[in-house]
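This document starts with one chain, in the form predicted alone, laid out as structure tokens.
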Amino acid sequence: MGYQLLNKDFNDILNQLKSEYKIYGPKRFENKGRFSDTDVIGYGEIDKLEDIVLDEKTYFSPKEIIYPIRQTLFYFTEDEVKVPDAPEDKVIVFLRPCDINGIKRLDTIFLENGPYKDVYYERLREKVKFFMIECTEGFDSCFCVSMNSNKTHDYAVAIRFNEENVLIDLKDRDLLEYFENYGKAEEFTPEYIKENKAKVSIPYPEKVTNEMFEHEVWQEYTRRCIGCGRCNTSCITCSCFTMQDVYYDANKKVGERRRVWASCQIDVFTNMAGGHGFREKQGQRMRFKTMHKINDFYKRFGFHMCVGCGRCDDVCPEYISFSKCINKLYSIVEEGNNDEK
């Protein structure tokens, strides 16, 4: 069902929805940027339409709403273990098609990658409704069209933001009561971006041989990457975590076990018992990440893990471009070009 709503009416609807949902969207956090007196665009709770930032890309993805940076799995004492209660709040998230497709990748990892579902992820994920922001232009570093993640129909509501009004496509009947008394009926079908400024060509997985894993191209990233892990924390599809036991001061036998985001680019990621570590060079870590994003995941599930949001390019302090890395691999694998430039 399509509607046209004045901005003030849409704000009234948001205010009513807040009685039942926590509402998140891309917003500005003042003086929280990487340099002094700079802002950062991230995801946080919003109250009104004017809080949503549409003309700048978010530094972080909305991933942490359903997959928290730190998440308590259970509390323990000397005698028992208790799993924390599931959060009761339902959630609405304003996000773009690439991020909805990114969450599909997280769904695949946590809910479909094996015989058991991750219940901690599932009980947050099932409470979420997507309000899709129509995206027809993208940003300079986006390459979602190349990754086939520029379109989606997996949303409760799709929205086109105009200066004085919004157009919506309402698919979720559970939300009809909030919208039916506002605005006027108007057919609306969201449009999607058709071409990005950045483009990638992905080598066919069957052509990626073992020789590619030892190629000298990875040495460039050993020289350049500093192993900070920003690319992973900004990525909508990275899902790795480590475990952390926290003991309370009063009694060292009482505490909690948490899972915490981890990064395949940092030094301790591959550490094992006995002090053994693997992929010690940064180029080896870049190879692991790249092959997972555009090769291994595809072989298992039939679509690529990377969605082309370009955030990893945006946040890298060494200006390493993942899209250019993909194109280098294509050039080597498909065209036999060993030029590293």
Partner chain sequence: MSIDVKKVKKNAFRITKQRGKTALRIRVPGGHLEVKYFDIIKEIAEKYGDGTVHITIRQGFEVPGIDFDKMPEINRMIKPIIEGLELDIGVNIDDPEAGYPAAGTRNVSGCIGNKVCPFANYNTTDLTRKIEKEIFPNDYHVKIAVTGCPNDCIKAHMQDFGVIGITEPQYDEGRCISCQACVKNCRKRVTGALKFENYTVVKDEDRCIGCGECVLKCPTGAMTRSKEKYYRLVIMGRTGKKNPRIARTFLNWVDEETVIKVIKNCYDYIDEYIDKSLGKEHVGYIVDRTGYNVFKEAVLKDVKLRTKAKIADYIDFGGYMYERNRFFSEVSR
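Predicted model only: the values in this text are computed from it and were never measured. Numbering follows the first chain given and starts at 1.
Form predicted in complex with its partner chain: not shown, discussed below.
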P190 near its partner chain in the predicted bound form, any heavy atom under 4.5 Å? no
With the partner left out here, check for me: in the predicted bound form, does some heavy atom of P203 sit within 4.5 Å of its partner chain? no
Is G183 part of the interface with its partner chain in the predicted bound form - any heavy atom within 4.5 Å? no
Whether L54 contacts its partner chain in the predicted bound form should be assessed with a 4.5 Å heavy atom distance threshold; does it? no
By the heavy atom within 4.5 Å rule, which residue out of C228, V91, A156, V145 makes contact with its partner chain in the predicted bound form? C228
Out of D267, E216, D172, E177, which one falls within 4.5 Å of its partner chain in the predicted bound form, going by heavy atoms? D267
For its partner chain in the predicted bound form, the stretch among 92-100, 162-170, 252-260, 129-137 with residues bearing a heavy atom within 4.5 Å is 252-260
Contacts from 211-249 to its partner chain in the predicted bound form (any heavy atom within 4.5 Å), listed N to C, are C228, G229, R230, T233, Q244, D245, V246, Y247
